[in-house]
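What follows is a single chain, given as structure tokens, in the form predicted alone.
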């Protein structure tokens, strides 16, 4: 008989390297598990995780207020109810649909091409340092209308803010100061775009209004841009590098997408289901709830395991098998409504409901554009011997730590 799962298991090295057997047992044996080390109530089944995401009135994003507010100010991430809805209504139109397609997708292609142009013509290629790391931030800077000369500064601000979010000194104070300087610096750009709007993202946000005429303050605009650089940049970088490792680890899959690049969209959807980088999200209870016979009190934290839910064998058959033609997965463009119906389910890698990832279309566009360029520019590559990546959970993400390839 297997030993009981304890909180220590969820914080051990074996779990970080391969959590899937533990999650499978939890889904069957302990679908509600109390992690006594982090004091979180862990849910691992698909339907349970989807239910939490849909009920924003009961499951508040308040835990992120303690992470973000002191460092970069108020953002949509930690807001619930009308405060969230107003801000999303202003920002979302600039990042999805026609505006994204007409104004930004061409810019993404240009950034990708520029990064590949700078890769060495011979010898090993560090794909994280050369492409996946700089790509998301350069895309954000480009759609904001910031010149390439600002890249080093933006990297510095982003790195300091990320370090500050851990809450330890002196990194916390340094990150707060870096964001304050960035806010002051971007204030002039916001003023200019309000007077003379262009197709860039700053113009769209600065001039955006709800139907009732509400708009974002300068502080909120700067906070949103910092959030976009920190959250969007870090997760897209890690998703892209880990997606490439998935392709390189499976010669048959790599050959298939090389032969038919149109498969990339479906392959990325399947990657987001099987191995999407965001492992957990936390929600704070606004009222008492009951899960699997146990009452959890208001104020306690429920932690949902997105990756476990996406590998729930009651929803996805043989879930650890990578299949871009999977009949039980909703392929292609994701939906905020998500969920499952008629034997087909959407992955939860971008969330669900009102806090569904606002930058999901931009992230998908970056991954697909960069992967197409990888297949075109580097038609025959393999991971350099001795540099095999370490794929594991680190805090709330699961991703590779390096990806160095050589031409073969």
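Residue numbers count along the first chain shown, from 1. Computed from a prediction, not measured in an experiment: that's the story for all the values here.
One more form of this protein exists, namely the form predicted in complex with protoporphyrin IX containing FE; it is left out here, but the text below deals with it.
Only one of 337 to 345, 369 to 377, 353 to 361, 34 to 42 places residue heavy atoms within 4.5 angstroms of protoporphyrin IX containing FE in the predicted complex, namely 353 to 361. Proximity to protoporphyrin IX containing FE in the predicted complex, defined as a heavy atom within 4.5 Å, holds among 285, 227, 263, 163 only for 227. When you look in the predicted complex, the only residue of 84, 330, 155, 193 with a non-hydrogen atom within 4.5 Å of protoporphyrin IX containing FE is 84. Protoporphyrin IX containing FE is not shown here, but in the predicted complex it comes within 4.5 Å of a heavy atom of residue 53. Contact annotation: residue 232 falls within 4.5 Å of protoporphyrin IX containing FE in the predicted complex, judged by heavy atom distances. Remark: residue 281 counts among the residues lining protoporphyrin IX containing FE in the predicted complex, judged by a heavy atom distance of 4.5 Å or less.
When protoporphyrin IX containing FE is considered in the predicted complex, residue 236 lines it closely, a heavy atom lying within 4.5 Å. Remark: all three candidate residues (64, 76 and 272) come within 4.5 Å of protoporphyrin IX containing FE in the predicted complex, counting heavy atoms only.
Contacts with protoporphyrin IX containing FE in the predicted complex, taken as any heavy atom within 4.5 Å, map within 132 to 159 to 140 alone.
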